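This document starts with two versions of one protein chain, written out as structure tokens and named structure 1 and structure 2.
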Structure 1
């Protein structure tokens, strides 16, 4: 994000609304920030917003394209074709996602003309029809943009340290998520080993829930299965999961009463310190004690 702050003269917000979800993002890292090679701040940057409805972020953009929901893949495909100089006939492709082809040409020309562009994409890209394939197509779009200029893409991650578990799983197994160890080695297959499909199929017969709240975030069917099996919840707060979890282990909140490392959404590690004492142990201490007991039981 430091690169975006110091260099980006084109910023595209796609399917995200950082004015409301990442409040200091614009002033510190993107459109409003003044950087080494962007001393004029907002005046020196062109800002494009692509979203399905007007938001505070789109109001501050130079160009706002209001698109029909569920067309992320088609938009990325057409932008790729325009960047590659492919012929798209106005009669055959009059509009994409409800936006005239001429507007997409304008975006493609802005990408070609910029010195350094950054695409920030959010849940509007990753959670609409096509999900992971949308991200792949956006990745290919960024690859095609780099034929013309320097261009980067960054996912706007939500929640504190949501990137942390991805980082740890990657350095342990080579995979960021959806890892299965039942064969004694790591297997990766989103969809087969992701939380939601596994719960939908009713496969898990026990669950360890660490620093998350499935009772608030997962669909009712998935929560119903979780409630039917033994669950252990490790969390500093009372939440929608703790009332029905079989065992709840309260822990000290990280960054307040426990030290640790947070990973920012651009994969930068940030060390957080302990500010106050807590009567509870940290997540790390609880998990280490559980592992020790399990190892002891296996040896016995």
Structure 2
């Protein structure tokens, strides 16, 4: 994000609304920030927004492309084709995702012409059919853009330290998420071992929920299955999951009553200190105690 602040003269927001979800993002790191090589801030940048509806973020964009839902793969594909110089005729491809081909040409030309571009993408890119394939295609789009200029892609993470679990899982297994240990070794398959597909198939018969609120964030059918199985929730706050969880273990809030390392959305580690005392243990202490009990039961 420091690179985006100091160098980016092209900002693309795709499927995200940081004005409302990441309030200080624009002023500190993206379109409004003044950096070393972008001293004019917003005046020295071109901002493109791609979304299914107008939002406060799209209102401040130089170019807003309102697309039809469920066309992430098609959008990334047409932009890749334009960047690679493939011939697309308006007669054959009049529009993609409800947007005229001429507008996608404008985006592709802006990518080619910029010195340093950054694509910030959110859940809107993944919340349609083939979510993992969509993200892969967006990654390939960023690779194609780097043939012409310096270009970077960054996921707009939601909650604090949501990137931390990805970091730990990567250095332990080589995979960031959707890891299955049922065969005694790490297996990675986002389409098979992600939370939603597994809950949709009804495979889990127990769940350990740590520092998240599936009752508020997962689809209704996934929540229904969770409510039908034994569930342990470890969280510092009362939320929409704790009322129906089988066991609730309150813990000290991280970064307030428990020290540790947070990972920013661009993978930068930030050490947080313990500021106050709490009558509750930390997440780490609870999980370590659970692991000790499990190891003892296995030895017995």
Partner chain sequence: MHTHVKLTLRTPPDLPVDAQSLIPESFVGKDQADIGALPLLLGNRSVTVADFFDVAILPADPGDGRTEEAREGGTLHLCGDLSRFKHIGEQMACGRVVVDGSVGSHAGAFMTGGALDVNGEAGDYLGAHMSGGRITVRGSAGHFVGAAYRGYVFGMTGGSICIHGDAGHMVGARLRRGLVAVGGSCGDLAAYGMRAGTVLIGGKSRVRAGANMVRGTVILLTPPEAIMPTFRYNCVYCPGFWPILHASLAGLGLDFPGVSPQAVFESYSGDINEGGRGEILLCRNAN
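Residue numbers count along the first chain shown, from 1. Note that the coordinates shown come from a computational prediction; the quantities given were computed from them, not determined experimentally. Under this definition, the rigid core comprises the largest set of C-alpha atoms superposing within 1.5 Å between the forms.
By the stated condition, namely the form predicted alone, the second structure is the one that fits. With the core held fixed, the Cα of residue 225 is displaced between the two structures by 2 Å or more. Once both forms are fitted on their core, the CA shift for residue 20 between the two structures remains under 2 Å.
A displacement of less than 2 angstroms separates the C-alpha positions of residue 277 between the two structures, with the rigid core held in common. Core fit done between the two structures; CA of residue 196 shifted by 2.8 Å.
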